[in-house]
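Encoded as C-alpha cells, the following chain is the form predicted on its own, with no partner shown.
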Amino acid sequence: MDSTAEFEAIVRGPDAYRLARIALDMMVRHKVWPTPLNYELWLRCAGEPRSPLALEIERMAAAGAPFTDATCEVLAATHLPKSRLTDEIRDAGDQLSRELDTVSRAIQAAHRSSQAYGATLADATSELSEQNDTGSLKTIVSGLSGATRQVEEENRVLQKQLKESTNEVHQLRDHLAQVRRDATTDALTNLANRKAFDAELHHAHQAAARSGACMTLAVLDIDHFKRFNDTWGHQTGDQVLRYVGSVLGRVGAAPRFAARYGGEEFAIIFPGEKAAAVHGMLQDVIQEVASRTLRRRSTNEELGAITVSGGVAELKAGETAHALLERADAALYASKRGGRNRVTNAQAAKGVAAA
C-alpha cells in the first residue's frame, strides 16, 4: 500500500470492522494499552500485514520485546505518516515565506523611493543650473528637503522591519531544528532513534569507504529483558532502558553515535576505531552495568542483576553497511549463546549462526 489515502479508504470501507477486531485482538494479545496512538499502530498493522511496521512488530513480538508506551512512540515516529511533523514544518515554512515577502515589499518600496529621490536630485541639479533668483532656489531646496525626509522615514521603517524579520527567522530556525531533533530522537532514552541510526550508519559507511579509514559497529542487547518486564512491569523496564541508554550514550558521545535500535537493543557507531579497542571498552561498560544495583523507584526493591550482551564488527574492504550490521548481530547472538553478559568480536564469532 503506497499512500495514507489508500489506507484511509480501507479503514472506512466494508472491511473496517474486521480490521478493527483484528487490531484489538492483537493489542490484547501483546498487552498493549488502547491509547489512540497504539490503536492506529495496530490498525495499520492489520491493514498492511507486509508493511515495514507490521514486520517490525512481528519481529519484536518474536523476540519477546514488550510494547510499552515508549516503544510504541518509537514505532510511531519511525513508521506512521509524519502528519504532525509535516504540518509543523509547513506552518513554519509558510510563516517564513510571509516574513520574506514582507521584507521583499519593504525593499522594493525603498528602491522605488531611492529612484524617485535620484530623479528629484537630477531635476534639482538641472534647475539650479538654469535659475539665479532666490525664490526659485528656495523652492528647489524645499523640494530636496522634503524628498530627503521621505527617504529617511522609509529607510527607518525598512530597518525596523528587517530587524523584526531577522528575529522571527531566527526563532523559526530554532523551531525547525527542534522539530528535526524530535523526529530523530528516541523519546524514552534521548538517544538517536532507528531512523537516525540508519541514516548515520549510511553516512559513516560512505565516509569510511571513501577515505579507507576503519570503522566499527557495536550492537548490544539487555539480557532476559522480557522476563524482567514480566516480573517487574513495563514501567520498571523503562527505568532500566533509560539507565542502560544513559551509560551507552556516554560511551557513544560524538564523534561516535549511539542509538536505541529497537526494543531493548542498542547500537553504537565507532568511526576511525578498531574492533579490538572497542571490544575492550564495551567489556568494561557491561561490567559496570552488571555491578550496579538498581532499585525499583516506587518500592525501593532491588531489581537484581542487569546484564548486557554485545557484538562488535569492524568494516571490511568492500563490505556493505547491511553486511556489517549482520556480522555485528551475529556476534551479539554468539555472546547470548556463550552465556550472556559479554561482548564478542565478529571475527571470533565467524561461522556462528544467529539464533
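None of the values given here were measured: they were computed from a predicted structure. The first residue of the shown sequence is 1; numbering continues from there.
What follows is about the form predicted in complex with a small molecule, which we do not show.
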query: Partner-proximal stretch of 317 to 325, 288 to 296, 35 to 43, 63 to 71 relative to the small molecule in the model of the complex, 4.5 angstroms, heavy atom; finding: 288 to 296
query: Residues Gln239, Tyr243 and Ser246 all lining the small molecule in the model of the complex, heavy atom within 4.5 Å; finding: yes
query: Contact assignment for the small molecule in the model of the complex, among Arg227, Arg250, Arg156, Arg210, heavy atom within 4.5 Å; finding: Arg250
